[in-house]
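Encoded as structure tokens, the following chain is the form predicted alone, with no partner shown.
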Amino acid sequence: MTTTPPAKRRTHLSFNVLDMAAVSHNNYGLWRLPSNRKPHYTDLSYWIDHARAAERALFDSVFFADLIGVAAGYGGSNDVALREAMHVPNIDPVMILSAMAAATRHIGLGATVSTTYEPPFAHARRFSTLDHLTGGRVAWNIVTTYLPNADENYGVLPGQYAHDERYDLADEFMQVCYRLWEESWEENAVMRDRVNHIYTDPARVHRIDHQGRYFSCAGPHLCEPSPQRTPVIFQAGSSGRGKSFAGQHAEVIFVGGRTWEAVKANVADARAAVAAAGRRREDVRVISDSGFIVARTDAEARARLASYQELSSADGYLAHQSGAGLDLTRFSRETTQEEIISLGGPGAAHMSRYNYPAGTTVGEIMDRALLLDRNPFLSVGCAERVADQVEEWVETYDLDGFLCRQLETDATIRDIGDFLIPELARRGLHRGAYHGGTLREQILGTPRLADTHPGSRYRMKASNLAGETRA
């Protein structure tokens, strides 16, 4: 196929590793592979090696999904999730990032944190700390949490908030964080003036005195300004309210879909939400869920897919998509998705966001659950074949990059780095090397929030004080 000239692209395609601090995430059953290192997820050395492997492969970031409850829909209990190691056991991904940062120099590190169960003041301090310790390489994936068990675990709410109200709370959470990160400390508040014995100029540090519906926070922020101030914001809302939230706040929007048509519609919705929020297209990257099995030859890649498919577990995938409380085993195989949604009940509304073709039955969902090629973006083959598909996907579906599932750790990212990335760089579709700077500079080409981003309205301007001394 004809390669699109690099001049038509505003920057390189963004490749990011999709991870979770658990045994299994979107690769259920594959932990049994003797060569899969993921069962070592509790070993610090594993994460250090993993970060170095991703950096050698020239990924933009390692992005951690996370859940703070156990899925208990499929089969009517959490037994399937536990047996399949489906997101549980897991450990806190935020605790891992510092160790990964110390072992690397360039790759970004992102963690998922829910806005629903903790105060924004503590969260803002934690991510400012990470941004300092990583040299400006941290990202935050915003979620509002859909698992009923999370609410049972934290017990801080009078009852689980309805879906849209969780986003109302998240909007206020973001406002508090932006004010702490962008407004509380002026640019040159930290003087480190040894002569006049002034570390921080008190006149340039401000309380925020936020009083809202869900939160109160006086401030000031406890951290001095970090390299990015606000971490790079990832978001993957799939509902109407979630897409609107992403259009307002996200700098990287993660989309998916069960069909090509669904992916295309979700990308279009994301672009429209960004425009509706008064933001520029170039200030946001839209990336898709993807899987790549790349090898020296097509035959070798297909053989690897066959070995993965042999161990793939339908129960793990079904437990994953039933996490909001829907138990598919209660229905006959002939029941359609539309019938389930119309009946309502636990998890039914969540089911509507899976974008199955009209008329899909419970039997079809169960039969296809273990098929690794059931999602549109899975490419299997040699570097040239996979790069052709990547180029076609980018142009057809208006994508800026990919969030890459790991079927086998660390083989998946090693092979992408050894085979696919060099071919994409040759075609002008990938930068081919790190260019330095913060994660926001690496992905978006700018060190700070864009001026169309809602967080930028809180930005304090630097004061120009004569005689300022920094030693």
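Note that this is a predicted model, so its numbers are computed, not measured. In this text, residue numbers run from 1 along the sequence as written.
The form predicted together with another copy of the chain exists for this protein as well; it is not shown, and the discussion that follows is about that form.
Q: Flag A306 as yes or no: does it have a non-hydrogen atom within 4.5 angstroms of any non-hydrogen atom of another copy of the chain in the model of the complex?
A: No, A306 sits far enough from another copy of the chain in the model of the complex that none of its heavy atoms falls within 4.5 Å.
Q: Please determine whether Y41 contacts another copy of the chain in the model of the complex, using a 4.5 Å cut-off between heavy atoms.
A: Because a heavy atom of Y41 falls inside 4.5 Å of another copy of the chain in the model of the complex, the answer is yes.
Q: Spell out, yes or no, whether the shortest heavy atom distance between R192 and another copy of the chain in the model of the complex is within 4.5 Å.
A: Yes, R192 lies within 4.5 Å of another copy of the chain in the model of the complex.
Q: Quick one: is G212 in contact with another copy of the chain in the model of the complex, heavy atoms, 4.5 Å cut-off?
A: Although another copy of the chain is absent here, G212 would stay clear of it in the model of the complex, with no heavy atoms inside 4.5 Å.
Q: Look at the candidate spot formed by P93, T129 and P220 and say whether another copy of the chain comes within 4.5 Å of a heavy atom in all three of them in the model of the complex.
A: Per the other structure, all of P93, T129 and P220 touch another copy of the chain.
Q: Tell me which stretch of 336-344, 184-192, 244-252, 296-304 has a heavy atom within 4.5 angstroms of another copy of the chain in the model of the complex.
A: Of the options given, it is 184-192.
Q: Note which of W260, Y154, F331, Y356 lies within 4.5 Å of another copy of the chain in the model of the complex, where distance is taken over heavy atoms; exactly one does.
A: Residue within 4.5 Å of the partner: Y154.
Q: Under a 4.5 angstroms heavy atom criterion, identify the one residue in D400, E84, D269, D289 near another copy of the chain in the model of the complex.
A: Answer to the contact question: E84.
Q: Listed by sequence position, which residues of 107-135 have a non-hydrogen atom within 4.5 angstroms of another copy of the chain in the model of the complex?
A: Contacts from 107-135: Y117, E118, P119, F121, A122, R125, R126, T129, L130, H132, L133.
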